[in-house]
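One chain is shown next in structure tokens, namely the form predicted alone.
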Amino acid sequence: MTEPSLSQQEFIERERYHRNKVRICRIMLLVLLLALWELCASLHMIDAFIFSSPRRIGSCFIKMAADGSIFLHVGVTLWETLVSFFLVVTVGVAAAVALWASRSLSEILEPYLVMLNSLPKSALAPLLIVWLGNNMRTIIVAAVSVAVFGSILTLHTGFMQTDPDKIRLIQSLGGTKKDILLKVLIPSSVPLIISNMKVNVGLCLVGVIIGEFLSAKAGLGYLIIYASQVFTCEYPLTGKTMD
């Protein structure tokens, strides 16, 4: 294995320096924002009762970590997010492939998908509670509804933009639609699918929090609603209160 040339070594060093600089600047920016937040709260430039402060948040987190309640709520939200994310990816890819495979199905369902994607999902959450009950299934369905329709539309649009020359090549060699799907469409769409998955993770978390606002006995959304009602760090399961 040959040694990298001088120019290659210089390029590697520049890239390493750039990555380190970006990493350090990110950390410094975060520290600066937290320091300004704490300073403004300490000097009463903002109402610490409403906006809190890093010190108060840290103290509350330590108390909740000591009795383990924070890990319960984080675990519940994480589990619901992962389940909904898996469902969104599976349903999104499968539905997009079905729409790509059938032009008629695509033209029939596209306006309905656009309409469903534009609906305010927070307004649907109370209906989901009536339909499905006050349980974890309702929260997962709410999270899936936030991301799945946009995911289908995005993936379908990307599938339809697959290089037509590659498709013609497969067809000229006697390939079927299955060959086009497995040898051209899916491999060329991997970056799109991964990019879509990155977006869906955040959307699923948002959907889970929305669902927990209305239908939960545990989770981060439940903690947010509980704290907004009592205006203290007195949290369930322990009965402790932060000064």
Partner chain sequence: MKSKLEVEHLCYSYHTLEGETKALSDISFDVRDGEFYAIVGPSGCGKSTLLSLLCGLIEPEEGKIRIDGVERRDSHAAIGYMLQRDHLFEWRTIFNNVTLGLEIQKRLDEKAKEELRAMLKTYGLSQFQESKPAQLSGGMRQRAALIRTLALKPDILLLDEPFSALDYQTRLEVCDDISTIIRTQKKTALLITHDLSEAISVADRILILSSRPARVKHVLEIHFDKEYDRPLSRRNAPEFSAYFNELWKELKTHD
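Computed from a prediction, not measured in an experiment: that's the story for all the values here. Positions refer to the first chain, counted from 1.
From this point on, the text means the form predicted in complex with the partner chain, which you will not see here.
Residues within 4.5 angstroms of the partner chain in the model of the complex, judged by any non-hydrogen atom, belong to 179-187 and to none of the other stretches in 30-38, 204-212, 179-187, 51-59. A heavy atom within 4.5 Å of the partner chain in the model of the complex is found for exactly one of I170, L124, L116, L109: I170. At a distance threshold of 4.5 angstroms between non-hydrogen atoms, K166 is in contact with the partner chain in the model of the complex.
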